[in-house]
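Okay, so here's just one chain, in structure tokens, the form predicted on its own.
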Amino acid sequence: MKTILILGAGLSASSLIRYLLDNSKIYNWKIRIVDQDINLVNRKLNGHDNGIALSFNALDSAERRPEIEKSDLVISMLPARFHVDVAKDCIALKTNLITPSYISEEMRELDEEAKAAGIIIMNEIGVDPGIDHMSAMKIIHAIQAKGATVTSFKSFCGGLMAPESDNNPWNYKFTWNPRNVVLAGQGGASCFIDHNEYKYVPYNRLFGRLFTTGIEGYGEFDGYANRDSLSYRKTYGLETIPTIFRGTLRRPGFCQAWNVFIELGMTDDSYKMENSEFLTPRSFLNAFLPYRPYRSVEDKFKDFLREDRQDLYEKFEWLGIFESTTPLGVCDASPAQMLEKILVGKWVLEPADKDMLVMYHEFEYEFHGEHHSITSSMVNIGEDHTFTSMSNTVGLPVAIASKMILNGDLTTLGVTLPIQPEVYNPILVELETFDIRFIEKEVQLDCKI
């Protein structure tokens, strides 16, 4: 019997755990899961014979290492900043590791050590990153195999609400870490290349500089630039490509309204607000508006919106941001933490809600003097508020890769990601059985090269 150790049983782990348990008798697996909330683990195990709930500090190497030592594979669903420490333990104990997170520089530096230990450290095997890599590389490799040259690659992904559950004016609810949503885009300018010109979008302009796209049957979407598109030229073997862009999708109107929070300063996480525990949503908002004793908070906010953005007012009113009776109760909070508290109370998934994961790729390539375009789109609807599309699209690739490693079908050693055919082909094929599939369309453009 082979043992799988899962560190963390949060939102994105539900579908991963279900897949591994469902296949555990076929493949003779024992799944051991640790989380700070052991009751959560027990609910997800639901009494399964091959599942064991654990309670220890997964962030403490001394407590973690004995469990890693008796495991054949570790899956870290911890916050990304802890993956390197887990990886070091796995190298020392010669245990394979999977994480769905981006490969950090610190993780890359462990490549030779991992190879020497004879283990695989598979990263970026969720949805974004993960399915985006695999679906893109499948098309890029196909284009290159016939001798054509990729000239443009644009890719977008967004976790949104299914049409039947899209029932608030923001067209959005939290399906993953709320803090990451509030802080999205901070920490430096987003960069990409467009027709051989490098472009940089600073945070204060990020949600105002949008790209619009549509997907048949699902309407229009706005996309804003991700932090770093340029590094993907090397990842995808497109070092000389003239255009590469990666972005995040939201429904029209969301980004324009979010930009108001940025302009006000309410997404700032760099300082603490005085007496924050006593602030109501109204007094929190008023802290960022000018002192005008004869103007209400509502009127001052409308002044801030300006005439051309008055249509956004409903979104903020719906959030309850003018409510004045109940303090938010967050001590020593930054503006971003205060805003998160407001949003978490409103952008919550109800039991009957279904989310939606949207991914869209657009390629252009040259072949025999002709210019071609390929679009590839994937829309997946979640099952419910537990087995969400976000959980399915993050957890299932991790689970399938786990099976491949344990069965000996995935043997590339070291710190890696799923960009080779022997990795992405079987995963993409199996994902289609879970209704995670791409629709591709190709057209020849009018222009001649």
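Numbering starts at 1 and follows the sequence shown. Just so it is clear, the structure is predicted and the values come from calculations on it, not from any experiment.
Missing here is the form predicted together with another copy of the chain; even so, the following discussion is about that form.
- Out of the listed residues Phe304, Phe322, Phe367, Trp347, Phe304 is the one that sits within 4.5 Å of another copy of the chain in the model of the complex by at least one heavy atom.
- The listed set Met273, Leu183, Ile342, Val330 contains one residue whose heavy atoms approach another copy of the chain in the model of the complex to within 4.5 Å, identified as Met273.
- Screening 304-312, 81-89, 172-180, 357-365 for residues having heavy atoms within 4.5 Å of another copy of the chain in the model of the complex returns a single hit, 304-312.
- Another copy of the chain is not shown here, and in the model of the complex it never comes within 4.5 Å of any heavy atom of Glu298.
- The shortest heavy atom separation between Lys115 and another copy of the chain in the model of the complex exceeds 4.5 Å.
- Taking non-hydrogen atoms only, His372 never approaches another copy of the chain to within 4.5 angstroms in the model of the complex.
- Using a 4.5 Å cutoff between non-hydrogen atoms, Lys94 does not count as a contact of another copy of the chain in the model of the complex.
- Of all the residues from 257-289, those having a non-hydrogen atom no more than 4.5 Å from another copy of the chain in the model of the complex are Ile262, Glu263, Leu264, Gly265, Asp268, Ser270, Tyr271, Met273, Glu274, Asn275, Asn286, Ala287, Phe288, Leu289.
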